[in-house]
Each structure stands twice: as C-alpha cells, then as structure tokens.
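Shown below, as structure tokens, is a lone chain in the form predicted alone; questions about how it binds or moves come after it.
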C-alpha cells in the first residue's frame, strides 16, 4: 500500500529530531519535499524520513552540516541520474502487458516487453518504475481477492528468474563486497535482488544467499568473503523481531544493514540506525557513498552503516 503521509510532529517522533530543526534544515538546505494537505499543512513521506536519517548519520560521522546536506542531495539524486525515469506512457503499457500475460500464465509477452524496455532504458529504471510497482500492485490485488495465489506465484517466479539472469557475474569484480540475504523465515526476495543489481552497477561484488537464510550461515559467508557489509531483508514486520538477538550479535562483529517493508514498524534504536532507504536504488547509492566516506578510516567489517 502507498506509504502514509506524516505531519511534522510524527516525522519528528520517528526521527528523534525537533520540529524546529526539521524546519530549519528544510528551509536552509531544501532537504525535504513535503506536499500540502487541503488545510495547508505540510505532509511528509517515507523519502523525507530517509533524507533526515541519512543526514543524521553523516552528522554523526563529524561531517559539517552544510556538507552533510549536500551528500544527502547527491545520494538522492544520483539514483535518478543513473536511472532516469521511464515515461508514464511506457509504464502504463508495460504494466498492462505484465498484468495480462503473467496473470494468464503466459510469460512470452512479458519477456518481450521487458527485453524491449532494457534496450532503451537503464535496468535500474525498469526495476524501479515497472517491475517493483507491478509486484506491489499484484500483492495488493491478491490481498483483496482480485488475484489468486497461483497468479502471484507464477508472476513472482518469472520475475525472479528474469532478474537473476540479469545478475549473472555480480560476484566477480569490484572494490567492495556485500553479502545479501533474506532474514530467517522471509521468502520475499525480489526487492533484495533489485538492491543487489543496483549495488553491482555501483561496483560492488555481491554474494547473494537468497530466501530464509539462517543468521549463522550469513555470518559464515561474510567471514569467507571478508564482506564490507551484510544486508538482511524482510517484508513482514515480525521477521526481524523473531531473530533480533541473533542479528544484534552479528552486528557486534560485522557491519550490518537492514531493509525492506518489514523494517518500517521496528522501533529498536540499534536496528533503526542500520536501516537503509526504502527505494532499492537510493539505498544502494547511500551504502556506496557511506563506504566511500569511511574507507579511509576503517576496515571492511567495522564501518557502521547508514541509517535510512
């Protein structure tokens, strides 16, 4: 479902910042992008939360305020600059084709459409503007009884295979190494794969463990490849809570980041400080910018990770 819009009081509560400071950063650095309610009140989105938390992380690293705001802008805009948006008409057409073909168990039209789009647009843009929105829409229609579990499984299976084909060779070269896995009990992998593809395009070597990965197995892989960061994903709110102690223990010896819709409702301070932005492309740019910032002062497994 669409992310709710927040009044400034709720935004302040979620970020542990005062409304006055939020307003100052918005005014001085153009840091936020609020909309207006019918009554004229500013309304803030999940992207605004991401900008504020990323700002907090840079300030915690000792970066001056104006420079930190510039880094936030750079991270947020770099993802779009590297993956300029697909035009709305092409998005509507592609979503219609995916809906009609995959939900009729015929993947050929969907395959042709995606191949055509990749010949014109950046892969990240196709993922952000078409693949992930389609999957969210399908999930919503399944919850409402407008799509069957068989249709959801067929579409997800096709798109997972298609994305993993794009991912071939993503562990072979690059200055940074990331281990990606779904938390134990979590089987929703497509957002994590999209994030991994974005990391690969930014020069990372990706070790992908897939769904329902035990924390001990993740730790073993991170040690084996000398990972700079471990990224755990969850779509369901209770997933991280069930393994909170294990993840916290892992974070004592490895840089750990978390992402996915299942993180949004978690109020744990130590986990919130490791939460990546919701958009997988922005999250990849944020992690990369952070690694560049920290690479001169810390080893591969000890650098903290950026908050969302």
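Rigid core (definition): largest C-alpha set, two forms, superposition within 1.5 Å. Keep in mind that this is a model prediction, so the values were computed, not measured. Positions refer to the first chain, counted from 1.
Here the subject shifts to the form predicted in complex with a further copy of the same chain, a form of this protein not shown in this document.
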| query | finding |
| --- | --- |
| Contacting member of 131, 72, 117, 209, with respect to a further copy of the same chain in the predicted complex [4.5 Å, heavy atom] | 209 |
| 90, 137, 201, 111 - the one with a heavy atom within 4.5 Å of a further copy of the same chain in the predicted complex | 111 |
| In the predicted complex, residue 154 touching a further copy of the same chain (heavy atom, 4.5 Å) | yes |
| Residue contact check: residue 227 to a further copy of the same chain in the predicted complex, 4.5 Å heavy atom | no |
| In the predicted complex, residue 169 touching a further copy of the same chain (heavy atom, 4.5 Å) | yes |
| is_contact(residue 213, a further copy of the same chain) in the predicted complex, heavy atom dist at most 4.5 Å | yes |
| Among 91 to 99, 121 to 129, 234 to 242, 156 to 164, the region lying within 4.5 Å of a further copy of the same chain in the predicted complex by heavy atom distance | 156 to 164 |
| Heavy atom within 4.5 Å of a further copy of the same chain in the predicted complex - qualifying residues of 39 to 54 | 43, 46, 47 |
| Large Cα shift (2 Å or above) at residue 45 between the shown form and the other one, core-fitted | yes |
| Rigid core superposed: residue 147 CA moves 2 Å or more between the shown form and the other one | yes |
| Core-aligned C-alpha movement of residue 36 between the shown form and the other one reaching 2 Å | yes |
| Note on residue 280-residue 36 C-alpha separation in the predicted complex, which departs from the shown form by 3 angstroms or more | farther |
